[in-house]
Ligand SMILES: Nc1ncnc2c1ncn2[C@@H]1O[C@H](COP(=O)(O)OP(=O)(O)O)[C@@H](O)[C@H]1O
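Next up is one chain by itself, shown in structure tokens, the form predicted on its own.
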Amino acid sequence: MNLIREGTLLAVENFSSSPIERRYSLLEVVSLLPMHYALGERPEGYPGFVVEAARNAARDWVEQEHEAMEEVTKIRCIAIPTNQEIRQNSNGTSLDVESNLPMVGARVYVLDTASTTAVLNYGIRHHQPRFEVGHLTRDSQVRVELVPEEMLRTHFAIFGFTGAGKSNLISTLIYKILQAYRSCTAERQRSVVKILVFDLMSEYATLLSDCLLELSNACIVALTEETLPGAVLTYMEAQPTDGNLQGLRREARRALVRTTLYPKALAAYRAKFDYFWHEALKYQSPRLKVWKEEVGDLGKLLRSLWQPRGGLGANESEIRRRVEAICGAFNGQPLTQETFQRAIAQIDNLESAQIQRNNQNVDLLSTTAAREAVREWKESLQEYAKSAILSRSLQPQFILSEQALLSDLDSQEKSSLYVFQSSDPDLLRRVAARIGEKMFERRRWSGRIEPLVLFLMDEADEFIPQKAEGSYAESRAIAMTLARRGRKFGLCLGIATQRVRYLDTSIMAQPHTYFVSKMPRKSDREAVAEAFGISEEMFRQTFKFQKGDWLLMSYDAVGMEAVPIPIHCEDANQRIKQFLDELEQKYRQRSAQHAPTS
């Protein structure tokens, strides 16, 4: 029972074997159960007999620790084919595609650590960027490698119940992806990757703090000024000649230490995050910025936001004529506070407008559908204005413009990491949709496919739900575009959620790589099983998973395709703790060097 666990690889001679060449089909154990035939599968009968049989059964397991001496004790295993086989002949041993079925009744061999490692990583070419995603849950010596380019280009998903460690895994994957591309210099176009994290819960400032400082082109992007404490905005407004600049920076980082969300494992390290914010708020090269839309054409924006659903009633032609008149009045107008207010005022007039019909004054918006369409138009414009306008005069180095972001996402100079946060979830969804749409159009027109750009949506049920309206519809639409058509332009999608059954199933079926942990709800398991084509039997092993254990399934990114592999991944919290300890040590060393001497 200690040797044979879920994930164990077995070799069984198959029908293609011959006197000059032995061929062994490879299978993977997905479920096992210790059986004692004195008890059977369902112990029933007189309780005294059953209890006595159970005592003897336990003694049989202990006494047969090294060698089976009783026929009544067996370990029943369920194994699935891996579609691979081992060939042994005079030229040596090789791995190939399975050529025939395993022989019924043939001896079964258990692969050792070295053989298991070779099989699991067989399909990975050494010249491509790769990293160790984790080790087998049953054997820490078996390291499982993953090819990030294949995982990103064909999309990936992370599914697990509360407490499984989804955010922790995302942090680990991002860190290792960036490390893999940094270490790959053989092909320049493949040595760069761009990662955009849409952080609904504002938790990745801590979980990616090391990446945000170590990567030269990385930052947290606040979509509105309301997302940040007032002390931070005051510091961002300060002139370089301000004599109290260091004091403002100190107050800003203290405010961020107080308001940042910490995982339970990092709560004790709260004070040490002051060193992180000290570095992240450097005046000339900050890692915290505020989003700003580019100055554009308000008339064109108004037309794009006008999206009525269905008919508008008897006055439809007049409504559309007046809407076009409003749009035309703002053709070429910049996106400023003043132009937005004028446009909103004209929409207000439209809501109260009347027209003559049959010699009587009647409301222009005479139907519920018409009133709803105009109301949504106005609300969409107001939401857009929140991200398009900066009410405070921040210094330019603290601003990330849309054009600067789009240009960087097409640049192959260096890898980038952007963590988008907002106090308004609707705005976060809309900005994700706008960036995705513009990147898709840029790549489609230019024909570019590099560098890879990852759109990572944590709490994905808040971005791609089955039923979507408003900002939900916008984020779901771009996720659909990326999932179905983005891969040929190097635009990749990553999703993570605990509420699988609420996801749009057509999007959920697109990823080729899945990380799955405990999912107590049967409906969630059924949704994943249908998307990847696996049985309920394979999910049983996830019920025993500890935090950090994942069932990895991939058609492209691992050496053994389309076969579930139970792995244990590194704890991102330990990585962050080590990073903060080293950061504190460096800070104290610098302070000691600059301390006055007597």
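When you see a residue number, it is the position in the sequence shown, counting from 1. Because the structure is a prediction, the values reported are computed rather than measured.
There is another form of the same protein, the form predicted together with this ligand; it is not shown, and what comes next is about it.
Novice: Pick from Leu482, Ala164, Ile174, Leu417: which has a non-hydrogen atom within 4.5 Å of this ligand in the predicted complex?
Specialist: Looking at Leu482, Ala164, Ile174, Leu417 one by one, just Ala164 meets the 4.5 Å heavy-atom criterion.
Novice: Which residue, Ile534, Leu27, Leu32, Cys569, has a heavy atom that falls within 4.5 Å of this ligand in the predicted complex?
Specialist: None of the others qualify; the residue that does is Cys569.
Novice: Find out whether any non-hydrogen atom of Asn168 is located within 4.5 angstroms of this ligand in the predicted complex, and reply yes or no.
Specialist: Yes, Asn168 sits close enough to this ligand in the predicted complex that at least one of its heavy atoms falls within 4.5 Å.
Novice: Can Pro263 be called a contact residue for this ligand in the predicted complex at 4.5 Å between heavy atoms?
Specialist: It does: once this ligand is placed as it appears in the predicted complex, Pro263 has a heavy atom within 4.5 Å of it.
Novice: Is there any non-hydrogen atom of Lys547 lying within 4.5 Å of this ligand in the predicted complex?
Specialist: Although this ligand is absent here, Lys547 would touch it in the predicted complex, with heavy atoms inside 4.5 Å.
Novice: In the predicted complex, is there a heavy atom of this ligand that lies within 4.5 Å of any heavy atom of Gln541, even though the partner is absent here?
Specialist: Because no heavy atom of Gln541 falls inside 4.5 Å of this ligand in the predicted complex, the answer is no.
Novice: Within 4.5 angstroms, counting heavy atoms, which one of the listed stretches 156 to 164, 268 to 276, 68 to 76, 422 to 430 is next to this ligand in the predicted complex?
Specialist: The contacting stretch here is 156 to 164.
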